[in-house]
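The chain that follows stands alone, in the form predicted on its own, written as structure tokens.
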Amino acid sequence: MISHANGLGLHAAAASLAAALALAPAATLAQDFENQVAARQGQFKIMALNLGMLGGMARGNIEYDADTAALAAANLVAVSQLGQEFHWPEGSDNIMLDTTRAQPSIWEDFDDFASKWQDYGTQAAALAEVAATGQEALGPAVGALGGTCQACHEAHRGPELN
């Protein structure tokens, strides 16, 4: 049985834990801005590497290998499952930084951006389902995934950096 005094101690501990959890998002916001942007850009480099491998296999420029195709597709799925909350700090757009192509429209219509990211995840999962089944299955699946990338780029990515 918990005594009244211990019960108060538990309430205080629970209140402290709740306060700490409430402050967790604020701590996240205080993360190093440059690292957040670098992480975002890194995830897109991972996507490009793996999608390039699969696209090369689909076109016949790279010899098809079921294990490599499955791994590349799994990598794309893994990236799609990363929470994006930490990768897009306010002010990390191409107006404020000369090291990114991210347009302010991402923050102005984050629901659209999030929907496009979800579409990417859906198509990455569909690609992963067929990646190891043969080269002929890659073309349509890579094309569908590429379409989700293109839709987001057209809406939210600026011109090439010089």
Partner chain sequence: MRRFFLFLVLIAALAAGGAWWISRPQVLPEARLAAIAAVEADAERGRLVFHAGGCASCHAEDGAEGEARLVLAGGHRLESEFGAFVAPNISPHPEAGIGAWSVGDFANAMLRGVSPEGAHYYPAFPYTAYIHMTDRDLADLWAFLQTLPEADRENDPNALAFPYTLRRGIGLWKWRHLSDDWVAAAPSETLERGRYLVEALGHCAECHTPRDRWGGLDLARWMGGAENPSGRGRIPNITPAALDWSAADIAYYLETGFTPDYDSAGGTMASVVKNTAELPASDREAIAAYVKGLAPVAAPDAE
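Residue numbers count along the first chain shown, from 1. Worth saying up front: this structure is predicted, and the values here are computed from it rather than measured.
Form predicted together with its partner chain: not shown, discussed below.
Ala70 falls outside the set of residues with a heavy atom inside 4.5 Å of its partner chain in the predicted bound form.
Heavy atoms of Leu51 reach within 4.5 Å of its partner chain in the predicted bound form, making it an interface residue. Not displayed here, its partner chain is kept clear of Ala137 by more than 4.5 Å at the level of heavy atoms in the predicted bound form. At a distance threshold of 4.5 angstroms between non-hydrogen atoms, Gly42 is out of contact with its partner chain in the predicted bound form. Here is the short version: of Ala66, Leu97, Val130, Ala114, the single residue with a heavy atom within 4.5 Å of its partner chain in the predicted bound form is Leu97. Using a 4.5 Å cut-off on any heavy atom, the residues of 133-161 that reach its partner chain in the predicted bound form are, in sequence order, Val142, Gly146, Cys149, Gln150, Ala151, His153, Glu154, Arg157, Pro159, Glu160, Leu161.
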